[in-house]
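Below sits a lone chain in structure tokens, taken as the form predicted alone.
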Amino acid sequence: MRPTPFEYHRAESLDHALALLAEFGEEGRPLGGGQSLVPMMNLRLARPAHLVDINGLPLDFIEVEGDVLRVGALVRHERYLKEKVIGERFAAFHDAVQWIGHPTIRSRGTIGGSIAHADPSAELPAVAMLYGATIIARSANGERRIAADDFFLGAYMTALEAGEMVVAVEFPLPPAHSAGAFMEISERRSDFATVSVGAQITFSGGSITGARIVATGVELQPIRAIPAEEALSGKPLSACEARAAGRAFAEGIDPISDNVASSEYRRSLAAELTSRAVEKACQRALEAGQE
């Protein structure tokens, strides 16, 4: 299929882009990599009357400012794997990137587009929630800072308002004594995730002092696995009871069911992937010799 007719506009600056989006309101959408928006337009699930091309804007940056990692909205997915700070401090982020789509998608898709698109099976929304990220949105009226926990409202639904666009995502640097991992199951490698789970733990004296676990594919937006997080508190890294954490999560959810997987199968995947992600995070902590 072909998209419905639209007008193309190339933004000359960020202010120009925001002015255009303010003018077009609900009928306007920013265009970065297009790996999420264009397929939706081809299926006529999205019908913007105006596309504002933002590829010329200075939003392609990854930088550390104090205790925050700032990632510009136009950073392409393939770049994360090349960034030392992500590999060293954000292991679950580094894992998740390797599950994103195919090479073409990773070379063109952007973090801003993935976050704003809010596909319920996408990796980056889960990563944003896992690390307690803040989404930076701009409009002609100014800037808003939105916690990732409050940003994703449902399948393809976010807290963005008409005329707003994501300009950056800020990730707090994890503490030194922390480790993480991200696991995923899909029908085929690089397909949309059936279920994925990311785990991030902090530890001291050989025991887990805190945990944050996020899953996708269970509901229509990424969700926290709070029962699993609570089950890990105080457990030793050498015997972290990852299986118990997985069971605790699975017992408290009623997953969606579709043509890909039944609710019961997703529940079993959520338990298994939670266990694997926690086990891997604990293993990494022990291998680092930081306990």
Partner chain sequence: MQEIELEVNGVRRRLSVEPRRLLADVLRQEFGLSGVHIGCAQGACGCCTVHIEGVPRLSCLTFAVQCDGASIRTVESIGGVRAEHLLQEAFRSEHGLQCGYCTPGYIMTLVPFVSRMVEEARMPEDEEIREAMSGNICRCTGYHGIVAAVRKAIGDQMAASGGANHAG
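Residue numbers count along the first chain shown, from 1. What you see is a predicted model; the values in this text were computed from it and never measured.
The form predicted together with the partner chain is left out here; the points below concern that form.
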Using a 4.5 angstroms cut-off on non-hydrogen atoms, would S262 count as touching the partner chain in the predicted complex? no
With the partner left out of view, is S107 within 4.5 angstroms of the partner chain in the predicted complex by any non-hydrogen atom? yes
Wondering, does R145 line up within 4.5 Å of the partner chain in the predicted complex on heavy atoms? no
Using a 4.5 Å heavy atom cut-off, state whether H16 contacts the partner chain in the predicted complex. no
Name the residue from E27, D53, D60, E241 that puts a heavy atom within 4.5 Å of the partner chain in the predicted complex. D53
Identify which of I223, L237, M41, A250 has a heavy atom within 4.5 Å of the partner chain in the predicted complex; exactly one of them does. M41
Among 198 to 206, 155 to 163, 98 to 106, 214 to 222, mark the stretch whose residues have heavy atoms within 4.5 Å of the partner chain in the predicted complex. 98 to 106
